[in-house]
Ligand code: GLN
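For reference, the chain that follows is the form predicted on its own, supplied as structure tokens.
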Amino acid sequence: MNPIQHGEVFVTEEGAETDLDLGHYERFTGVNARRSDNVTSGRIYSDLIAKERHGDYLGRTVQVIPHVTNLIKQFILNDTGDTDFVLCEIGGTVGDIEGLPFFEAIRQLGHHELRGRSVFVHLTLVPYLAAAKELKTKPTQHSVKELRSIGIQPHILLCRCERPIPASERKKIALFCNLDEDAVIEARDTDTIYRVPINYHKEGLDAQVLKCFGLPHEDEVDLAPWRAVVDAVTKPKGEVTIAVVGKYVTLTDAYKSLIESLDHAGIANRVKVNIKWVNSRHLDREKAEEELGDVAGILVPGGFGSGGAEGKIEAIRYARENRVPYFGICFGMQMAVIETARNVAGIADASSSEFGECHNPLVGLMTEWESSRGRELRSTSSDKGGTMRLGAYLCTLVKGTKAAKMYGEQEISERHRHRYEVNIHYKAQLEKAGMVFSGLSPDGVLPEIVELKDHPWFIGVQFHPEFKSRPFAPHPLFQGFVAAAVKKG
């Protein structure tokens, strides 16, 4: 999935590479997503072909219905034995060719296996036409008509809008879409996404869902935690500007979890975090002062390939020399190691083997490592797809380091997504240059966290802490980074 076309690839604890929507679900529910929580058309058809080749359908004609739809239903119901509610999202738009088998599968589930135990919630758009000064309900009517034509009658409509929907328009939507008026839920734009649960309760979404399931509901729900988050977001006691120096900044959804994590850290520090997007492809030494001179912190996120790498190294050099709080994530840690090697340790040709052959590969391709599945082996000839170090791995922290103080414990677990690693053989040279290896894999072979000893706040991590941050539990590294930026002012 191209980050500039699709956005972020979210990684679960188990190492599944998924749609960024699963990140939202984790942040809002506090429940970790699993590998079995995400499926694509490609995965379904791949499994179908494998079953056909194996002989599972021997003597039968393999078709979309029932074979493809059966696999989709099997996916939805799999691994749900101890679950009370399953939230199943089908992305895209009603009528999309890719989505038709999925719509048919949930139609079958709702009509047969889960009759009386399933609720269809349809998200539609009610646009406001400024020229006519009115809301238009036709898009919603047509969308529901299309959905009903394939056999699905929605129980609840979530109507995205930027202005209030008058009672007359709700009545019209309910009439044309065969719904009760109180099942037409206004989903109006808000000043912060964290106000949405409060607004949905006010609009009666929770009551409608429980009503459809035949379950009792209470008028008073404890929304105090959400109100506290909203209060911190909307009434900050200050603000701080962080530069995010990346190569995918033309589509900020490529850094969705990172943005949310900075917001969470802002909530914890009671400040508004303003992000200044800096394209690393266009950054050089001359432009560094111009682009970074007015920020209180610099963050270099993950990425792949040599494009924009030198710009990231320049941003890191600027942060180190000017004592600006710096946070490097994955590729951002690797470039921090290369910058220190080149400009402090005197290894002028320090580079990464990701960029091609080099004499001093401070960063190199991982050839073997331990995972929950056993020893993983890779080589330059291995397929690139799915060969990364993915999911949660343990890391041992060094006592007395900034990282250890922020985490408050010696062993942590964080999620990874990378295929290159800092070369442990350069550890001694880098330590002489003032770099501290404050986190290592339990076997001491893979560097996980580095710091600069004589710097207010300079930390690089090989993992992706943004995948574990929550509004009610901001990640300690993001919280510490923003606190350092606030202190710098």
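Throughout, we count residues from 1 along the sequence that is shown. Only a predicted model underlies this, so the values are computations on that prediction, with no experimental measurement involved.
As for the form predicted together with this ligand, it is not shown, yet the points below apply to it.
With the partner omitted from this view, the residue of R195, K73, K256, H418 that lies near this ligand in the predicted bound form is H418 [heavy atom within 4.5 Å]. Interface residue among L179, C159, C330, A345 relative to this ligand in the predicted bound form, by the heavy atom within 4.5 Å criterion: C330. Proximity to this ligand in the predicted bound form holds for all of F304, Q334 and E354, with the criterion being a heavy atom within 4.5 Å. A residue is said to contact a partner when one of its heavy atoms sits within 4.5 Å of a partner heavy atom; H464 meets this definition for this ligand in the predicted bound form. With the partner left out here, this ligand still marks one of 136-144, 296-304, 397-405, 337-345 in the predicted bound form; by a 4.5 Å heavy atom cut-off that stretch is 296-304.
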